[in-house]
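Okay, here we've got a single chain as structure tokens, the form predicted alone, with questions on binding and movement later.
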């Protein structure tokens, strides 16, 4: 039988299953207390003050844009190496989206390029969205300093990085804690570090933003007169529409799965770090020969890695697409993260973006490949992938 290894997948335990069954047998399977417990647990884990769980990571990004009042014509900057939702959620609010090139080593949005963009164009963004790509924190400290200097808001897209932390002034700060951002978001899609099947969260330390997000996540309807100035003071059943929005709620079923997964995130993190080290050790020979370039583990970071991304080096005998096809013949199914957003048809058509706009990101995209990498993988799986790579690249 041919081994089949996808680039990622969920790890569901018996405890996860029982957590979901418990909610299914309860009186409330949505809008119950399980949601509040999940939000509380996320805050406790990350250190953020407020959390609103929502239907998915895309909804979280959209609600962040709405809460910050992003409107027609506002400038929003982000990295081109991300999933389309990072930009689309803000574009749907009318923002003008532009893309900043990445750092060639960390693969994160470059703070120096953000500042250069502002100085060269004379345009100050309303929002900058750094993405913690593959589980490594973006340079949030430098971006936060720029936000103070130029007066823009920061939304950390931490969809890849729940469980990751970075060091600042001797303190370990978890991604999503909003210590160096106004808002942050998580995704709990099955390929992420923890899953609630579908789901996401918006975090903040600003109570006003939190109340706005909670309102917008529930159609714009408020039922607590203590939170807003109610038009009707003495309603026997408080229920007022204060903003125009839609339903972005998460169910208690999803929340129960998310809570159970969150309780095991330290295990997931240890296993992923072990896999990361194993891949690097076994592929170091190919990096020395300039056939591959391996992902880095930056100093001062303690990542819960989401992806293991290789890049083909200058001495690779085959190109990325050939390697992709070669791996699939052995039952290994990699992925490309990502084709630069500014080169997708929509952003080309709307903004006229062309190749050459973000040269580092574009070169990365031509050579990158995400290998199988998930917490339930065994070292034997890593050995199989690495042996296959060597067969394809050294023969």
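Residue numbers count along the first chain shown, from 1. Computed from a prediction, not measured in an experiment: that's the story for all the values here.
Another form exists, predicted in complex with a small molecule; not displayed. Remarks below refer to it.
- Only one of 117 to 125, 269 to 277, 76 to 84, 100 to 108 lies within 4.5 Å of the small molecule in the predicted bound form by heavy atoms, and it is 76 to 84.
- Among residues of the shown chain, residue 181 is not one whose heavy atoms approach the small molecule to within 4.5 Å in the predicted bound form.
- Within this chain, residue 293 is remote from the site of the small molecule in the predicted bound form, having no heavy atom within 4.5 Å.
- Contact annotation for residue 250: none of its heavy atoms lies within 4.5 Å of the small molecule in the predicted bound form.
- In the predicted bound form, no heavy atom of residue 259 sits within 4.5 Å of the small molecule.
- In terms of contact with the small molecule in the predicted bound form, the residue from 131, 304, 203, 309 that brings a heavy atom within 4.5 Å is 131.
- Residue 61 is the only one of 67, 61, 53, 361 with a heavy atom lying within 4.5 Å of the small molecule in the predicted bound form.
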